[in-house]
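First comes one chain, alone, set out as structure tokens in the form predicted alone.
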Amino acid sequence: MAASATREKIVTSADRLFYERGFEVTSFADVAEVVGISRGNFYYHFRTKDEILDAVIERRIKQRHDMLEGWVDSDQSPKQCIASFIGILLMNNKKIRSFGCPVGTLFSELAKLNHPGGPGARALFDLFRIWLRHRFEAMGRGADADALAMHILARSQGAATLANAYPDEPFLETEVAQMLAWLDAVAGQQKQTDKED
């Protein structure tokens, strides 16, 4: 296996293990076992677990950025883009019920550990916040775009946490439906304001 492919496999495997088991309890040996390489070969690519964490965060940011921009590039309206963001909860329904939100759980764990990777993990929230803010601005909600973006983030994180706590209840589906109805109301308010102007 080429060095770049091995490195990518390490990052992909570590990403999954950090999400499913947690960063703190996942060891080099755990990742090496999943990848199927020796520890010596492992150290050729990463010297510390923090280096792996940085690569995992970088990978997550790139993947989320590409997903978000893909919606914009596909000519979805700003409202449709936000609805697609809300829909992530249902798209990842099974994983969220089992392990929580991958962004929220990583940030919470690193914050509790007072880990230097915490700001990097928060960059994922920053990515979502800025992207959502721009979509609300494009809907004409410049004055309160950031507050609306934070509302969506807060509600989606809360929904993911409770869906993980109550995995057998249809809570997530109800929350998504309510968030979409809220988005319709926000868009309707803006249309009314535009008419009055």
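When you see a residue number, it is the position in the sequence shown, counting from 1. This one's a predicted model, so the numbers in the text were calculated from it and none came from an experiment.
Here the subject shifts to the form predicted in complex with a further copy of the same chain, a form of this protein not shown in this document.
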- Lys49, Arg64, His45, Arg129 - the one with a heavy atom within 4.5 Å of a further copy of the same chain in the model of the complex: Arg129
- Message: Which residue, Gly70, Gly142, Gly36, Gly158, is the contact with a further copy of the same chain in the model of the complex, using a 4.5 Å heavy atom cutoff?
- Response: Gly158
- Message: At 4.5 Å between heavy atoms, is Asn41 in contact with a further copy of the same chain in the model of the complex?
- Response: no
- Is there a heavy atom of Ala165 lying 4.5 Å or less from a heavy atom of a further copy of the same chain in the model of the complex? yes
- Query: Is there a heavy atom of Gln178 no more than 4.5 Å from a heavy atom of a further copy of the same chain in the model of the complex?
  - Reply: yes
- Close approach of Phe28 to a further copy of the same chain in the model of the complex, 4.5 Å, heavy atom: no
- 28 to 36, 49 to 57, 132 to 140, 146 to 154: which one contacts a further copy of the same chain in the model of the complex at 4.5 Å, heavy atom to heavy atom? 146 to 154
- Message: Only counting heavy atoms and a 4.5 Å limit, does any residue of 109 to 124 reach a further copy of the same chain in the model of the complex, and if so which ones?
- Response: Ala111, Lys112, Leu113, Arg122
